[in-house]
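We begin with a single chain expressed as C-alpha cells, specifically the form predicted alone.
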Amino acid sequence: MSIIRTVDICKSFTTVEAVKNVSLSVDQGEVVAVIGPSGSGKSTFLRCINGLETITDGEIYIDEELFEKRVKGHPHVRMTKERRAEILIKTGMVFQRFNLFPHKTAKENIMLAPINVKKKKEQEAAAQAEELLVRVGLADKFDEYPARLSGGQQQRVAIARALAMEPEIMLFDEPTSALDPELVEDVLRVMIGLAKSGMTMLVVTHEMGFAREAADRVVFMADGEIGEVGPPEEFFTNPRNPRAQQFMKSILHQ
C-alpha cells in the first residue's frame, strides 16, 4: 500500500514552474532517494507533500486518503484544519536546518510535540525522548542545549524529534547539506539504520553513497520533472535519461 502518492502535481511561483506534473508513489517500508541538480524542484516537491507549499495543480494522497487536490490553483478538497493536522502527523520532516529551540535541552526539544500535539504525559514523553536519543547515538546528551552540540548532533536530535511523533513516513530535505563533511557520516549512519529498520523514507539528497546503499528506488529530477526512476544498481551503472547521464558525469568529475 502506498503511504504517499502524488498525481500530476505542479507548483508555480509567479512565472516559474518549479514542479511539473510529478507523479510518484512511495510504498510502506520503501526508501526512495530523490536526486538531481540544484534548482530541479526536489525540495519544493517534498514541501508540497507535507503542506508547507500549496500545489497549483494535481492530487496528493496520504495513506490513500485524498489530502489535497487543486485545479489551476483552486482547491477541490474540503477538509477541517483538525483533519488536515491528523493526516500530516503521519509525515515526519527533517530539514536542512535543525530548527531546535535554543532554550530547550535535547530531551525537551523532542518532548514538546508529543506533549502539545499528541497529549502525552510528561513522564511518558520524557522516557520516549531518552529512548530516541539512545537510538540516534546521543545517550550522553539528554540535558545538553543545542549551542553545546555539533551540527551533526543537532541534526540527529532533529531526527529523533520527528520520530517522536511516530510517523508512518519520514521526509528528509537534504539533511546533511548544512553540515561540515566530517559530521555527515554520523547522520547518514542514523538514516541507514532507520532504513534497515523498515521505516518508510522519502529522501532528497546529494549523498550518492546513501542513495546507492539504502534506497530501494532512485528518482532523478531535472527542471521540475521526473526524468528517470529505477533501482540504484541500474541508475548508477547505466542511467538512460540524457540529463541523468550528464548529472552522473558531473558527479564523477567532482
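Numbering starts at 1 and runs along the sequence shown. Predicted, not measured: the structure shown is a model, and the values here were computed from it.
The form predicted in complex with a small molecule exists for this protein as well; it is not shown, and the discussion that follows is about that form.
Among residues of the shown chain, Glu174 is one whose heavy atoms approach the small molecule to within 4.5 Å in the predicted complex.
In the predicted complex, at least one heavy atom of Gly41 sits within 4.5 Å of a heavy atom of the small molecule.
Not displayed here, the small molecule is approached by His206 to within 4.5 Å at the level of heavy atoms in the predicted complex. Proximity of Val22 to the small molecule in the predicted complex falls outside the 4.5 Å heavy atom cutoff. Each of Phe13, Val16 and Pro37 is positioned with at least one heavy atom within 4.5 Å of the small molecule in the predicted complex.
Proximity to the small molecule in the predicted complex, taken as heavy atoms within 4.5 Å, picks out 43-51 from the listed stretches 59-67, 25-33, 211-219, 43-51.
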